[in-house]
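A single chain, nothing else alongside it, follows as C-alpha cells in the form predicted on its own.
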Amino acid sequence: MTNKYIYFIANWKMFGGLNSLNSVYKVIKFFKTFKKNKSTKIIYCPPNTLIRPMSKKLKNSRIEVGAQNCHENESYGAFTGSVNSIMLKSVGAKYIILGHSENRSIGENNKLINLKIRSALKSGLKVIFCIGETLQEKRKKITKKVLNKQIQSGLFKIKNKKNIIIAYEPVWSIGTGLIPKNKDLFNTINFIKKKIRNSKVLYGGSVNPKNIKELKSINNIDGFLVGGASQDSKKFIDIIKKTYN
C-alpha cells in the first residue's frame, strides 16, 4: 500500500432504513480499538435519506460519510427528484461517489460526469471517481484505452486533483464474484497512477472477506470500494481486519 491511508469505502447503494444504522455501531466499536486506526480511513456512502442520521451516529468516531451521486447543477433549480452537491454537503456528506458504472449504464456519459465532479469539488466534497471497462471491452483488449478516455474526459479542465480518489471497478466484476488476475490488476493500477500522478487508487468489484487476502497482496492498491459486503457489519469488519493480517 503506497499512500498514507488505506481506504475502506462502503457503498450501500439502494439499501437501508433507519434500523440499518444499528449495524454501524459495531463498526464504530471495532474501529475505536483497532490498532491500525490512525492509518485507516472508513467512509460510509449510504442513500441520501440516511446521510444526516448516519453522520450524527458517526460523530467523533473518525468514520466519515459520503454520498453516491448528485445533480451537476451547482445551484438550486427546477430538477424534480434531484439533489446537488451543496445540498449533500449541508447534511453531512464529505465525500461523493461519481462515475459509478451503474450510473453510466443508465445514461451518464463522461461529459456529464465531468460536470458533476467539478460541481462537487467546488462545493467542498472529496470525489471518489469510478472508472472501469466492460467484459466486451476487456475481451477486445482495450481496457487501457477505455480507462484513458474516462480519465481524460472525466477530469477535463480539473487542474488540482488532490481531492480526487480513483476507484477502479471493472464492470464485469461488480456483483459477479469475479476479480481480475493479480498481474492484470497490478498493471492496470500502475497505468492509472501514471496517468494521474500522486493519486490514490482503490479497487472495487466483488470485494468480500473471501478474496480480500488475495487482493491485499497487490501492493499498489490504496484501499477498497466495497459494495454488498459493506451492508453487513461483520463482513465489512472482516475485510478491514484481513487487509492487515
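Start at 1 with the first residue shown and count on from there. On a predicted model such as this, the values are computed, not experimentally measured, just so you know.
Same protein, other form: the form predicted in complex with a small molecule, not shown, and the subject of what follows.
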property	result
Non-hydrogen atom within 4.5 angstroms of the small molecule in the predicted bound form for each of Glu72, Ser85 and Gly124	no
Of Ser173, Asn114, Gln150, Thr143, the one that lies within 4.5 Å of the small molecule in the predicted bound form (heavy atoms)	Ser173
Stretch from 215-223, 200-208, 56-64, 31-39 whose residues place a heavy atom within 4.5 Å of the small molecule in the predicted bound form	200-208
Glu133, heavy atom within 4.5 angstroms of the small molecule in the predicted bound form	no
Glu108, heavy atom within 4.5 angstroms of the small molecule in the predicted bound form	no
Partner proximity in the predicted bound form: Lys13 to the small molecule, non-hydrogen atom cutoff 4.5 Å	yes
